[in-house]
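Below you'll find only one chain, the form predicted on its own, shown as C-alpha cells.
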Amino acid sequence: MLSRTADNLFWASRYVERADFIARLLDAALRLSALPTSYGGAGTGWESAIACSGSAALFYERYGDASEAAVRYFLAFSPENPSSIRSCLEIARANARAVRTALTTEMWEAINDAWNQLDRFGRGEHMGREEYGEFLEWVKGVALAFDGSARRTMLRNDAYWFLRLGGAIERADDTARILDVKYHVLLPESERVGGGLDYFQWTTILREVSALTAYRWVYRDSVKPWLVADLLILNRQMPRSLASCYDTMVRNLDMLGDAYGRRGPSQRLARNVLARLTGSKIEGVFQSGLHEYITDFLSDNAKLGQTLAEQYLV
C-alpha cells in the first residue's frame, strides 16, 4: 500500500472519531449546564468542554469567555476550529474521497451522506437545547455508521488495520483528556470529592463514553472516582479504556508487521505502553497522581502517533 493511501485511511478514521468525541463533550456540557447555579452547574460544563477539546488557546483568543453560545458554535460549526464537528467531518470526507477505491460502498456513503446533510443544520444559532441535542445524537450516529460499516464490510487487510489504528489512537487520547479534565479541572474548589456534584459529574462522564451500564455490570457499586478511573484506564473489556485502545493498536500493528515482513519502533512503543497499563493498579495510579499519570500517557500517545507516521505514513 502507498504511504499516502495509508495516511488518508488513518486520518479519516481519526477525524470521524474526533467528531464523535466532540459531540459527546457537548452533550455532557448540556447535561452539566442544566444544573442549578447554586449546585455548581453554571458555566462549569462549557468551560470543561473547551478545556477537554484541546482547542482552549484558540477559543479564548477569539472569544475570551466560555459562554454557551460561543462554545456551542466553536466546537460544532466553526470553520476556524480544525477540531469542530464540521471541520472533522469535512477533513474525514476529504481523506475518504482521496482513497475512495480503498473503502467499501457503505463506508463512503456513511461519510459522504453526513457531509451532504450537514448544511441543513446551518450554524446552529437558532437551535434550542433540545434541537441541539438531536444534532449531537445525529453526529454520534454518523460515527457509528462509519465504524460499523468498516467492521462489517471491509477485508481484514492493511487498509482495515490502518483505519483501526487511527480510530484507536484518537479514542485513547480522548478518553485520557476526559479523565484529566474531570479530575483536575471540573470540580469547583468549594465542592468536596464524593459530594453530590462530584457524583453527578462522574456519572455524566460515564454516560459521555457510553460506559454507565458497563460500570454497573463490572463493579455493581455506586459511582466512585477510583472505580470509574479503573474502568476507563485499565479495564480491557471497556472499548474506550486506554488499555483496550492499546490492545487494539498492538494487534493491528503486529498484523501490519507480519504482512510487511518487518516490525519497527511503533510496534515496540505500543507494546511498552500496553505493558505499563497492564502492570498498573488503580491504587498506585492515584497515589502517584492521576493527572501526572495521564499527562505521561498523553505524551506517549502523541509520540506513538509521530512514530507510526514516520514508519508507515510519510
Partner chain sequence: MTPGQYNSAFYEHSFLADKLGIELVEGTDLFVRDEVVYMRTTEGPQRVDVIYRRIDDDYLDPLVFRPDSALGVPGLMGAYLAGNVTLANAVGTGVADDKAVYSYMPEIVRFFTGADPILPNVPTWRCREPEALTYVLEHLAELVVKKVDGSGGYGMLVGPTSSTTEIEDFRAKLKAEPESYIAQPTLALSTCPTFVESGVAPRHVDLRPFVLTGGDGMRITRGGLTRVAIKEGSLVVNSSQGGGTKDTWVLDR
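Since we're looking at a predicted model, the values are computed, not measured. Residue numbers count along the first chain shown, from 1.
Not on display, but discussed next: the form predicted together with the partner chain.
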Report yes if any heavy atom of D158 sits within 4.5 Å of a heavy atom of the partner chain in the predicted complex; otherwise report no.
yes
Quick one: does F162 come within 4.5 Å of the partner chain in the predicted complex, counting heavy atoms only?
yes
Just to confirm, A98 within 4.5 Å of the partner chain in the predicted complex by heavy atoms?
yes
So in the predicted complex, does M127 come within 4.5 Å of the partner chain, heavy atom to heavy atom?
no
Contact assignment for the partner chain in the predicted complex, among A145, V218, A94, L227, heavy atom within 4.5 Å:
A94
Answer among 98-106, 132-140, 118-126, 228-236 for heavy atoms within 4.5 Å of the partner chain in the predicted complex: the stretch 98-106
Since the partner is left out here, which residues of 275-311 would have a heavy atom within 4.5 Å of the partner chain in the predicted complex?
Q311
